[in-house]
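Taking the form predicted on its own, here's one chain by itself in structure tokens.
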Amino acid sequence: MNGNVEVVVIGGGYGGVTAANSLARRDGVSVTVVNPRPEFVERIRLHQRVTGSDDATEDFGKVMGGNVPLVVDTATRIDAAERQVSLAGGGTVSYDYLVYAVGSGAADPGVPGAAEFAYWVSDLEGAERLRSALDAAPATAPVTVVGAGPTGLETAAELADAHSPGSA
């Protein structure tokens, strides 16, 4: 390919932003990020959103290079033959190369009752649902955190800190 290389990154999470920033530093490469939200979600801070100690979002201008435009929309179709991404808003974005970095989510644990009664802290909506449920519950209501990985431990610690005597 001669001239400028157009790269489209679908997904503005950690992987997408890292790829976009790295690629945008190359001469002759233009990068566009497509993301459904206008702000970067700090997934590793979602446990703090649950308790209100951090909003777990950041302006893309603080995490992404100024030469990387953000298209706030949802990719609905990838046409590899035409090298275009169709957007929910009706537009398209053309590319020479595509980076598909839409992230990960919580897996269904297959545990009876989990779908009805459990809350995930793996995305912004899940953290918001948990925060609303905790706000509606009595302060003395028991809360059980399942999972001892980094997210589970951070969530348990954040919840304990938020409900300890003298906390705001």
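Residue numbers here begin at 1 and follow the sequence given. Everything quoted here is computed from the prediction, not taken from an experiment.
Below: the form predicted in complex with a small molecule, not depicted.
Contact annotation for Gly103: at least one heavy atom lies within 4.5 Å of the small molecule in the model of the complex. Of the heavy atoms in Gly147, none are within 4.5 Å of the small molecule in the model of the complex. In the model of the complex, at least one heavy atom of Val34 sits within 4.5 Å of a heavy atom of the small molecule.
By the criterion of a heavy atom within 4.5 Å, Gln84 is excluded from the residues contacting the small molecule in the model of the complex. Residues of just one listed stretch (61-69, 129-137, 106-114, 36-44) have heavy atoms within 4.5 Å of the small molecule in the model of the complex: 36-44.
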